[in-house]
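Below, in structure tokens: the form predicted on its own, a single chain.
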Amino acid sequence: MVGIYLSGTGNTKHCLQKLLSILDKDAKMIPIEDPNSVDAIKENDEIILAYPTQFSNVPFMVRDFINKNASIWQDKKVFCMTTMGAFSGDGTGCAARALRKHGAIITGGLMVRMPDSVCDNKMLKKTLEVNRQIVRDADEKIEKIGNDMHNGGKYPQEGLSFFAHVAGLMGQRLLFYNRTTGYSTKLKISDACVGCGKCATSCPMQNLTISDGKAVSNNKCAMCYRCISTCPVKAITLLGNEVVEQVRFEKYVG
């Protein structure tokens, strides 16, 4: 078994790590952007594919990875796991349908609510204690489901049904469909940028470069919010125009 994941602010990485600690303590976790991820899938029969839901959809980076590596999925048993700030609908089903087209066997789906990772939207912000409780609830859910999977082979099917598909479509995906059909070109970098390079180092798409002492976007943003949450001067925004809170999973532990 191997876990392949996209994680911007650490939520998805934590959830996958907790699930694998129950299912297979020896299983490796590999970021989807790691060149070794493709070989890891080839070498394992069971895959957990974990990612954050974006607008009730699978991130384009994940979809692009699935389709570009179409030949590696044949007869692989894939469990889809998504994290979400509020609503997912069929966040797991979106990836599952793409994987089935390439011959994968979908074993189940799990959708876990985690603290919102959008750094530049006031409406989505919650207090520290509320976010800590969300993490505790998520851990409890993963532990219960993980034990059911490990001990009884009972795999959840969250987000994989027809009704979940309709909920995802009507909930957000149709309204925001244009935001998930490709990489985003909306990343904004203000004059506050000091050219430190932390954003370029952290970006899973290598979308950011430093030119003339300032970060520059190459219009291939995965909308993971990793750069926005780590910029020391809060110079980067995506959906909003101001960084309200830099969110990292580590803030909610303790």
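Just so it is clear, the structure is predicted and the values come from calculations on it, not from any experiment. Residue numbers run from 1 along the displayed sequence.
What comes next is about the form predicted together with a small molecule, which does not appear here.
Residues of just one listed stretch (70-78, 107-115, 143-151, 157-165) have heavy atoms within 4.5 Å of the small molecule in the model of the complex: 107-115.
At least one heavy atom of Met84 is located within 4.5 Å of the small molecule in the model of the complex. Although the partner is absent here, Phe60 lies well away from the small molecule in the model of the complex, with no heavy atom inside 4.5 Å. Using a 4.5 Å cutoff between non-hydrogen atoms, Asn131 does not count as a contact of the small molecule in the model of the complex.
Under a 4.5 angstroms non-hydrogen atom cutoff, the small molecule in the model of the complex has Phe55 among its neighbouring residues.
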